[in-house]
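Below you will find one chain, with nothing else, as structure tokens; this is the form predicted on its own, and questions on how it binds or moves follow later.
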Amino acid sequence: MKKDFAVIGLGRFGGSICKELSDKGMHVLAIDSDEAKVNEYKNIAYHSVVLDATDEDALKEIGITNFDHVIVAIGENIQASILTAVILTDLDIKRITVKAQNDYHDKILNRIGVHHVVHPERDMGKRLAHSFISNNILEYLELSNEYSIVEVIAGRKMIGKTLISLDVRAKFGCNIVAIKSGSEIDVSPEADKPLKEGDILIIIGADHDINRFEKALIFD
């Protein structure tokens, strides 16, 4: 089922979101106050428009309330980002995601009632830092300020051992929720099945617990 998205702000982050959603066949309205940026996406997005997103009447005129999800990716103009978010929440948009510049910006957006606040630079920094530490860490997804999901290749210390013997939940407080082996993925991994070289574990837990698990079993 296709969803209708509006992306406000066509910088690196907003432009990337716009392109990825369009590539996946979604209907995307690309919005920016800079005509040159809008022109860059007129052949990528389903529709593009030059617009000041802090103008409530202009947003109503383009039918912003008809969109399933509005992403506010305004760059360094925090005031414009906050004002746009206020307008969107007042208009009762189904889902609003806003890029935050810092923790103060994040706090205001949450108080306004934004559904999802993202920190792309910070989140990317965490992913990169994990990948720098070990080649075994494939992906890192922050669920909140304290909890994450990581995708890791089973470390040498884990090969040939079962989930029962590793006892990850009791020892580290995090959970192995799935195991990928080749092209197969097991979302209810057998506790007595030995791990093989190349197996990929999907782990969820508090950041400090995941860090303890990585230090003990993943990092060489």
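Residues carry their position along the shown sequence, with the first being 1. The shown structure was predicted, so the numbers you read here are calculated from the model rather than taken from an experiment.
Keep in mind that the form predicted in complex with a small molecule is missing from the display, and what follows is about it.
Site annotation in the model of the complex: the residue of 180, 37, 27, 69 reaching within 4.5 Å of the small molecule with a heavy atom is 37. Note on contacts: among 92, 121, 103, 139, the single residue with a heavy atom within 4.5 Å of the small molecule in the model of the complex is 121.
Heavy atoms within 4.5 Å of the small molecule in the model of the complex belong, among the stretches 186-194, 147-155, 162-170, 52-60, to residues of 52-60. Among residues of the shown chain, residue 12 is one whose heavy atoms approach the small molecule to within 4.5 Å in the model of the complex. Not displayed here, the small molecule is approached by residue 73 to within 4.5 Å at the level of heavy atoms in the model of the complex. Within 4.5 Å of some heavy atom of the small molecule in the model of the complex lies at least one heavy atom of residue 8. Contact between residue 82 and the small molecule in the model of the complex is not found at the 4.5 Å heavy atom cutoff.
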